[in-house]
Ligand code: CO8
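Have a look below at one chain only, the form predicted on its own, in structure tokens format.
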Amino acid sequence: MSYELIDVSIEAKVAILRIDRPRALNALCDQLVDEMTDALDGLESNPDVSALILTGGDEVFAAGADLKEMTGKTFVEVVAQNFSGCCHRLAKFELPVIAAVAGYALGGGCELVEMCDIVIAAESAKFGHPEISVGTMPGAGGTQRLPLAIGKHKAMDLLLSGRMMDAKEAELAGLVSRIVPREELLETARSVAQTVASYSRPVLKLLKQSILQAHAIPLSEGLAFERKLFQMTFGFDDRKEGMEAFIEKRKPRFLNR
């Protein structure tokens, strides 16, 4: 896959998608969002991919939507395009996504982080939603996923004031999984992704699907949904292999079926 504004690579069942528009602070223009969407479609259907790392630059993860491009859009245009200012395709990616964040993740960039499943942040990372300061608001989940991650009052503080929080505050709030030195960021994300990718691909999909239901449906329905998916794993060769390997004290050889 060859793109102008992103880089995509695959190694050992782990795909790395890097946002690469440094001259515009990795702003999410229409072309970049289209490229990300196309890449995600291809990676999700690729049987050699079991986990994805999403990352950006050393100084900026993604500075949000491209305001120069957005300024000329009209109400009719954004409705017709179902425009959100971000790549909402990421939220529907079926496999685990690990964000590796250094520098600024703002607006749509922060929404990308909120769509990810595990967030590894460098000590330099900063998160925020400054949309209010330019007369608009999040359009790709910032008012929905952020409160689920960090709670109503913390989210209100960030969204209504437009202020940023650093990596330490984000970890304490629940948006960040762990903080590492900048020089260890990608190595740590790759290690986490390789561990995840070593497991059964179909079970990873079911597990992610079940976890995402936790906030979407009542607990009683969630428990029934979880049990149904758990029972489905008993039809997988990988479930049998995993349990037999444990009993035989050897490493499982998952075949992703």
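This structure is a prediction, so every number in the text was calculated from the model and none was measured. So that there is no doubt, residue numbering starts at 1 and follows the sequence shown.
Here the subject shifts to the form predicted together with octanoyl-coenzyme A, a form of this protein not shown in this document.
Student: Hey, in the model of the complex, does residue 24 get a heavy atom within 4.5 angstroms of octanoyl-coenzyme A?
Tutor: Close contact exists here: in the model of the complex, residue 24 approaches octanoyl-coenzyme A to within 4.5 Å, heavy atoms only.
Student: Does at least one non-hydrogen atom of residue 147 fall within 4.5 angstroms of octanoyl-coenzyme A in the model of the complex?
Tutor: Residue 147: no contact with octanoyl-coenzyme A in the model of the complex.
Student: Decide whether residue 215 counts as a contact residue for octanoyl-coenzyme A in the model of the complex under a heavy atom distance cut-off of 4.5 Å.
Tutor: No - in the model of the complex, heavy atoms of residue 215 and octanoyl-coenzyme A never come within 4.5 Å of each other.
Student: Are any of the heavy atoms in residue 84 no more than 4.5 Å from a heavy atom of octanoyl-coenzyme A in the model of the complex?
Tutor: Flag for residue 84 set to yes.
Student: Ok, 51, 54, 189, 65: which has a heavy atom sitting within 4.5 Å of octanoyl-coenzyme A in the model of the complex?
Tutor: If I apply the 4.5 Å criterion carefully, the residue I get is 65.
Student: Counting only non-hydrogen atoms, choose the one of 130 to 138, 170 to 178, 150 to 158, 94 to 102 that falls within 4.5 Å of octanoyl-coenzyme A in the model of the complex.
Tutor: Heavy-atom contact with the partner occurs in 130 to 138.
Student: Sequence order please: the residues of 220 to 242 with a heavy atom within 4.5 Å of octanoyl-coenzyme A in the model of the complex.
Tutor: The stretch touches the partner through 230, 234.
Student: Closer or farther: the CA pair residue 226/residue 150 in the model of the complex, versus this form, with a change of 3 Å or more?
Tutor: Relative to the displayed form, residue 226 and residue 150 draw closer in the model of the complex - a change of at least 3 Å between their C-alphas.
Student: Shorter or longer C-alpha distance for residue 245 and residue 15 in the model of the complex, given it differs from this form by 3 Å or more?
Tutor: The answer is farther, because the C-alphas of residue 245 and residue 15 separate from each other in the model of the complex by 3 Å or more.
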